[in-house]
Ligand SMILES: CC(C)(COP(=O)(O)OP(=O)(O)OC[C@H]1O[C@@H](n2cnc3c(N)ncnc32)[C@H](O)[C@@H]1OP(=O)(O)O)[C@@H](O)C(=O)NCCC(=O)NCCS
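Only one chain is shown below, in structure tokens, and it's the form predicted on its own.
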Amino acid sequence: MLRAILSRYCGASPDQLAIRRTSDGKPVLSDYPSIRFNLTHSHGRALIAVARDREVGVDLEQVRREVDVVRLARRFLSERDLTCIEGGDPAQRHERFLKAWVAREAVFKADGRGMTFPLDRDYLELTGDGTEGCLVLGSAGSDEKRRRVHFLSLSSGWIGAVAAEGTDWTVTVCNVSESQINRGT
């Protein structure tokens, strides 16, 4: 499925695409360096992000109500994140925790390094409507230490995020089934 989707961006046959990994493990297209992509999967679902001329990262997590997210936030995330997670409607704590988590994962994957610890040096700033945010890396709040994140509108029980270099990008969501790819639609 990944090759079929990427072939549409490259104009090449899926079987002609050479996918390799960087030294950090990020997949790249050998013959199409301007096409950047990232993928994630969780519990039978997958997300693929594709961008031109900028690094991109994506993450997806299923909301699991049995997980003690406050305990996890206290252990791994920043005080600012913990305040956000504990504040507001208690029924939305899992979603707030997962936004902080998938934002980090998407940003780290866009940077080509994957999740790195400790996580409590970074914090998530959300927009008023919560559809976007900015992961502030480290203790400095300068623009070069901030990474824009867009949260995806997924079915209930799922939280997903896309991060990319720069701020001048938008997200277009396409739901694609394996049968559509195989039919070429």
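In this text, residue numbers run from 1 along the sequence as written. All values derive from a computational prediction rather than experimental measurement.
The discussion below concerns the form predicted in complex with this ligand, not included here.
Shown without its partner, this chain lists 145, 64, 41, 52 as candidates; in the predicted complex, only 41 has a non-hydrogen atom within 4.5 angstroms of this ligand. Contact annotation for residue 115: at least one heavy atom lies within 4.5 Å of this ligand in the predicted complex. Under a 4.5 angstroms non-hydrogen atom cutoff, this ligand in the predicted complex has residue 27 among its neighbouring residues. Taking non-hydrogen atoms only, residue 81 never approaches this ligand to within 4.5 angstroms in the predicted complex.
In the predicted complex, none of the heavy atoms of residue 99 sits within 4.5 Å of a heavy atom of this ligand. Contact with this ligand in the predicted complex, judged as any non-hydrogen atom within 4.5 angstroms, is confined among 66-74, 53-61, 124-132, 145-153 to 53-61. Shown here without this ligand, the chain has no residue in 79-102 lying with a heavy atom within 4.5 Å of that partner in the predicted complex.
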